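One chain comes next, on its own, written out as structure tokens in the form predicted on its own.
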Amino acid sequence: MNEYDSAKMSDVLRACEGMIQTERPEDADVILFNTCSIREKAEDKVYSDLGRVRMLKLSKPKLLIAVGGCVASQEGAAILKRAPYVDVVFGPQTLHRLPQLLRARRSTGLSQVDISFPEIEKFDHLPSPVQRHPEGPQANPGAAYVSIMEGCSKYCTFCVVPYTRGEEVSRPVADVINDVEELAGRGVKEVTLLGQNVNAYRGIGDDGDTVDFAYLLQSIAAQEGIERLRYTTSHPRDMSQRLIDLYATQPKLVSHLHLPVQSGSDRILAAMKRGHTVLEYKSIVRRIRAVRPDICITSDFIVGFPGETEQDFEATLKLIDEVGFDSSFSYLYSPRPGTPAAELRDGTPIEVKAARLKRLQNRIEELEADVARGMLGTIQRALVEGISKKDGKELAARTDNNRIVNFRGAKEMIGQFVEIRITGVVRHTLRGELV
């Protein structure tokens, strides 16, 4: 979602202001910070990076500095008190107003702050969808992100998202389909649907009735030119049976599911207000694997949530072994301002938490390696994403189950599907050869 929002900031400034991205901050007329507040470390980095551009502002008075994203939504005008050289503060839901905010700053000389929640207005005022920009974080012309909803209404006790992005708001089906059709017409073959809680989608269909995420997936899969569908991120509470059944009937839906669980302890899950138990989570995985046996499951884990005991952590390790996760995003718990969990007492030493995190990550890596070794010798249909980061001489492609394969091939293959035989495993990536 952050990559999507960054691309849209670039889109809107290109469309409304005729701006292009610069290679160096020193050449910029506007410097944008798209921020994340999901963890304290990310929030601290914002102010650190702002400090680095302060000297540029002193030497180039007409330079405008804008802070967007979730830290902007959370802090608002407080950013101006801490960094008075910032010109514009805008939230995730008001990034489409960025050109007007910049113009207002220039004309009035006053700093601008807009962190309101205008719901669906954001999507109505963004430029037409474009493929991933070569100069941006997304270089693959064959794939694109499509945001289908914003916000989250789950209010997990550790999470700041409902307070920085608002509650769940879904785009109408017709608007999403229009975006997908336009992208398909430009050669996009793979679409990743985005939302803070994407499978909670409840949009208005063509007949005016509310439809669910499974309906939307089927509608997008029916679009000519679209060959592969991904989505992120999802919540266990919204993994309906209709959605699970799609894995049996819709081959365009990839064999990869990112389904955050956060903990393997029912006691901790209740304290997190996740709304599901360990058994319910395992039931979802079992039902999906019953219809798509080769699916790879990835997840999120928070280690060191207030009150987590060694027994709770061992329960998480047990769940990891029982499910056999392919990979994960795992972090030490970080208290976020304004969330219920921030008020909980936490007496576990940081050294203990760090040791637990290391154990968890080591185990996940072992399972990840097992999956990779199981792919050796198989032929995978993969979408070529661009030049390999490894040495710049090979290409990188993404398999159906979300693995990166480096191989030798012509640059003309970028954005196309190819058949690759897996020949080797190199830590978090695969080696392959064209079939």
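All residue numbers are counted from 1 along the displayed sequence. Quantities reported herein were computed from a predicted structural model and do not represent experimental measurements.
FYI, the form predicted together with a small molecule isn't displayed, but the following is about it.
Proximity of residue 300 to the small molecule in the predicted bound form: non-hydrogen atoms within 4.5 Å are present. For the chain shown alone, residue 398 is not a contact residue for the small molecule in the predicted bound form, no non-hydrogen atom being within 4.5 angstroms. At the 4.5 Å threshold, heavy atoms of residue 141 stay clear of the small molecule in the predicted bound form, well away from it. Interface residue remark: residue 331 is counted as part of the site for the small molecule in the predicted bound form, having a heavy atom within 4.5 Å. Taking a 4.5 Å heavy atom cutoff to the small molecule in the predicted bound form, the contact residue among 170, 196, 164, 265 is 196. In summary, among the residues 234, 327, 147, 74, the only one with a non-hydrogen atom within 4.5 Å of the small molecule in the predicted bound form is 234. Here the chain stands by itself, but in the predicted bound form one stretch of 60-68, 388-396, 38-46, 375-383, 38-46, has heavy atoms within 4.5 Å of the small molecule.
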